[in-house]
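Take a look at this one chain, the form predicted on its own, written out in structure tokens.
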């Protein structure tokens, strides 16, 4: 159902840096299409130029967003805004600007979407310039005091735009179907460096002036900015890493295989289209493992495990350079086209790097997580979220960012590959990326292309509908197995069922190095949720799970500690929640704490204490889970 915001109910909020402007004569309604108020079918941005000042003292961005428009004869241009202060709007190029009337509709019933910014234009208007400031309500921005950075003496700023948060730091037509090029001129403190999802500097500019260009068209959610005390390390093959100086040595070691990943990816599905591929290691508050901003993947420092065991996240973000960035979901209902393809592609890259057995183990871990996610969805208010193709109208598109899109989507493609053969699958996917490059695709377009270019061409009978339009995991799903996982599952059961200390001697492990990270994850997951405290203490004594620096291991251990009331782990858990802002970890931990009557009070107290350390993407989700 499409949302309709009736302008007759709107309060007009108008501002100008000169004289007050008169009320715009509005259209009768502003339709919400694809989580956007924008009228991109009538007039849409083709190029955006940002001219902004980055003010750490007042924690705001201020300046102008200059939109070059493709105008089909419209008399109004509608942009998306949320948490922005609009100062004035002009039309014309920067040398010949004319102040224009504009109207802001308050999001009375659209706290998710924000507000429409409605600008009067002429049928020949080609440039719209919006002068604005960000505010404390600009959710994409994370302004970090120096205490939350690695240096402890320099502040940090980064943005997170996916899914619809770009409108909270740029007034923009915020629909993924509208691809644009962009450029930017930024003024930042002279002791900091600015980087964007665009061409980037390798050294600081001591005047604090930076210019950026993104010449390939991208969806707006991929416009990204970071400012901090950064240095650059070159990894070779047009790849490298930005980070705070304290993290450079660890980052260069951890991501040493990035050039090989690039080589493997290009061998599979064609030449990398974005010229340069770099990583930016952000502070711990970053809400995701990684974000695929083109040319500059934003990455969480939890990936710095010290043993390269979590680099599959980097393979995932690199794969997005084809699936998601090159070919983008047209709507947020089609999000699986971004993530399912990317997880499949990621696994193929890892197969080249660590071999098929290792890659299968990674896929199995993800499959276990999918099964848990499907159980949660089945018992939720939206069991239909177990479909690949979703109906998110009227909801936050973040609701669709579950393991269904990622892992069910990937296993759909794995199962398709098993039916058609890898050679045919690779030819199909390479042609798919090439055919739709630099465009946005919906599920119907993909299905049509699948039928024509793969199934009908090779006379293959494959039931894709049960995967895309039905809940759960179809019986046809490919079945992966791991002898190593089966062994550690048996070890977990043997240890948990032992009635005496002899149970420890019946399992063949006594140190961490005997097994891979993925095998330890499997071991912890197969311990009973109510395993007794004495056995948890014995495991912690011999293997120090509470102190393990691998965040994936710690997360699984802390989840088991909460369910079994193993209180010895709680000081480490609190430190984890104070430091880490990655939503994948902290949201389930807070949920588990809140559901346990013994720890509900701790959940509320810890969130109150550490909420300021999290990005809005994480804190908003946790607040909802804690019924705040």
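Being a predicted model, the structure only gives us computed values, none of them experimental. Positions refer to the first chain, counted from 1.
Separately, the form predicted in complex with a small molecule exists; it is not shown, and the next lines address it.
**Asked** Which single stretch, out of 310 to 318, 92 to 100, 206 to 214, 233 to 241, brings residue heavy atoms within 4.5 Å of the small molecule in the model of the complex?
**Response** Correct option: 310 to 318.
**Message:** Please identify the residue among 373, 398, 229, 352 with any heavy atom within 4.5 Å of the small molecule in the model of the complex.
**Reply:** Among 373, 398, 229, 352, a heavy atom within 4.5 Å of the small molecule in the model of the complex occurs only for 398.
**Request:** Have a look at 129, 162, 197, 328 for me and say which one sits with a heavy atom within 4.5 Å of the small molecule in the model of the complex.
**Result:** Contact check passes for 162.
**Contact label in the model of the complex: residue 66 to the small molecule, heavy atom within 4.5 Å** = Residue 66: no, not in contact with the small molecule in the model of the complex.
**Asked** Taking heavy atoms and a 4.5 Å cut-off, does residue 49 contact the small molecule in the model of the complex?
**Response** No, residue 49 is distant from the partner.
**Request:** Indicate whether the small molecule has at least one heavy atom within 4.5 Å of a heavy atom of residue 584 in the model of the complex.
**Result:** The answer is yes: residue 584 has a heavy atom within 4.5 Å of the small molecule.
**Message:** Within 4.5 Å, heavy atoms only: does residue 290 come near the small molecule in the model of the complex?
**Reply:** Yes, residue 290 is a contact residue.
**Asked** in the model of the complex, do 80, 169 and 174 all put a heavy atom within 4.5 Å of the small molecule?
**Response** Answer is no for this spot.
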